[in-house]
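Encoded as structure tokens, the following chain is the form predicted on its own, with no partner shown.
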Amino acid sequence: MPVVRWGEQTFPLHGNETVLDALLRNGVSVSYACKSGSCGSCMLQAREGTVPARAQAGLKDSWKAQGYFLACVCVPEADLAAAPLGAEARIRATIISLGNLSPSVKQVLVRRDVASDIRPGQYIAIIRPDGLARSYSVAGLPEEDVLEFHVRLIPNGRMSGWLHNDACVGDRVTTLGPSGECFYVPGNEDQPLLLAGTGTGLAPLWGVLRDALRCGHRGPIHVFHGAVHQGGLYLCDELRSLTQTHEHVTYTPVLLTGDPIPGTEIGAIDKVILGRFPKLAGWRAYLAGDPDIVRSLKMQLFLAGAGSRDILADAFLHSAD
């Protein structure tokens, strides 16, 4: 039976137990959120032992080389010595702005103490002083001095409730990341782009869109943002403004239900997209938002001709607690 060593303590792993579950079961305080390998909040460092490949999926090569891994999906086949991340991975930051994008979405701007290579569309874990961690996609441009996040208020959400109601400008937090591969890569500037998301899945798409334009992307860019009702849409004016200054950009807000509104489609976002673009061979797609919708869209876009390597997606998952 493999064991996980944490400092001077040793904990046997039960069955296919993950490193995170073993540590939590034994009272070790470890940051985590989604418990599915998506958010990066539970990242640790292996000091000894072999880390399964799945536990390092999506991490940059330099982090893999240092033994960083996601504890929530790490099921070691042999003994593993784990430790908290060093200071080089956790960067302190200051909240510098808290503004409303809609009644339920807060724009949070933070400035990190140390600059690092971050691409719009990747995600960063924000860790409160009490250790609570949640991950949010980066919506800002790489040359901007701050990180921009869009935080939806979730009922009983501990982090979103704090950022919406209690956090103040000047509060200090810790950041971890970036992680994720849903970002624009220059090199095929004439390729059609499809950016589709629901809710605050717009955040990474907003970053990817502006990054693509900054890099001189010439091909058509189609942005679809879905919400259940009108109040779930935001940045509408900003997106429409971009379509006025960039003829190759189109923006389509999509509402699941309701009466028809000029300039807005009614229906499921996947049906709206595929009804307009039934053949997507040669396209690159960026997807974000509700995990069920993202999974369905990935399959449907693939069946419509988009290559699997050209479908980049980060589903949003609520915290496990």
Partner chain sequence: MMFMPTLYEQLGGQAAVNLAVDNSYRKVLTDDRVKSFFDGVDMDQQIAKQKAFLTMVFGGPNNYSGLDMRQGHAHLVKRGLNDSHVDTIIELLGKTLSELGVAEPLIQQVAALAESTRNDVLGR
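Note that the structure is predicted; figures quoted are calculated from it, not measured. Positions refer to the first chain, counted from 1.
This next part talks about the form predicted together with its partner chain, which is not shown.
Though only this chain appears here, would residue 306 touch its partner chain in the predicted bound form if you measure heavy atom gaps against 4.5 Å? Judged by the heavy-atom cut-off of 4.5 Å, residue 306 is in contact with its partner chain in the predicted bound form.
Spell out, yes or no, whether the shortest heavy atom distance between residue 11 and its partner chain in the predicted bound form is within 4.5 Å. Although its partner chain is absent here, residue 11 would stay clear of it in the predicted bound form, with no heavy atoms inside 4.5 Å.
Counting only non-hydrogen atoms, which stretch in 291 to 299, 59 to 67, 250 to 258, 25 to 33 is within 4.5 Å of its partner chain in the predicted bound form? Going by heavy atoms within 4.5 Å, the stretch is 291 to 299.
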